[in-house]
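Just the one chain here, laid out as structure tokens, in the form predicted on its own.
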């Protein structure tokens, strides 16, 4: 057995548990040192879209490693050029230029800085505020966390965070006909903040773990984009979790007939192979910076470097060759049909999502939609029981009112088989029992 803290010298992500050592992984299966097999129903942290253990992808990274470190401030190279081109081929024509970084949190941070710099270089220096939603999660760096509404993450860091305006996120489960679910609340928030001070609105097109794969109404983004355009506010689409095919389209915004001004990608962009994220900007933003300062004022040591770009290049080419985005779309119906079997449990209040991204919300009362008491720690206990049963899911808490709200996320690899989906549902049910 692998030693745990304090015997091990690893500063683990949790110091109050023992971690099992992984020795191999393939497809949707992870194997630990004892030979026990786990069905990865959440793609790790909603990352492993192409599945685990693909040797051909690892070989591309090994080849890129021969270049070693190449500074993006001094050189370009084939991996970054080819990655940007492959990405451009699946992006809208107006959204083509990609700036590559090393984490989703950092990419959100960079996107906010890009929006700010764009307005400054257009002579509108009062524009700096970014409106986000409650609940939401955009990352753990300070600006990204400031824009996130995840109180159990924010609480101890309060003195370090900036104050930004926010609006209620759409909740089509509890409040489908509210102004929050229609997007109308954005208008009031911009007016209250003074439109001349608002630089951007940031939102996940399909909300990730902070709201359990909540899919807004079909007209939500048309309305919010119209409001943004009228007030000269940029729309930043955070697709770190929901992008790169996860919802059955290359990008989740495609479901809603809009194109963001800035797109943030991560997780599925790299298939879990290496830390890689991207900020993709509309041509008008790139041209504005090119005409004035001539550069984006953001530096990160590993941006544009060969190995991380090779991870993205290998992942995108594999997604295209194997038609995995199309497969994700085709698996949505059987995936959610099987998940409906979980409604036989009274604690399952809602099952929602898109593609191979699902949220299962637990409630104390299905009729009133009353959340579980937080003291019960239901999501955490269920996740632990599922893990003991060889099923990996991703929990989240607090989405209802900042404290209450229990759910788990499911996001299996796009290569998941019908048999594996059946096994996910069976093990899920066993853990609930």
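Positions refer to the first chain, counted from 1. Source: prediction; values computed, not measured.
FYI, the form predicted in complex with a small molecule isn't displayed, but the following is about it.
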- Message: 137, 238 and 241 - do all three of these have some heavy atom no more than 4.5 Å from the small molecule in the model of the complex?
- Response: yes
- Item | Answer option from 103, 149, 117, 300, heavy atom within 4.5 Å of the small molecule in the model of the complex | 103
- Heavy atom within 4.5 Å of the small molecule in the model of the complex: which of 309, 357, 108, 269 fits that? Just give me the one. 108
- Task: Go through 85-93, 312-320, 184-192, 138-146 and give me the stretch that gets within 4.5 Å of the small molecule in the model of the complex, heavy atoms only.
- Result: 138-146
- May I ask you to check whether residue 261 falls inside a 4.5 Å heavy atom distance of the small molecule in the model of the complex? no
- Task: Answer with yes or no whether residue 361 is in contact with the small molecule in the model of the complex, where contact means some heavy atom within 4.5 Å.
- Result: no
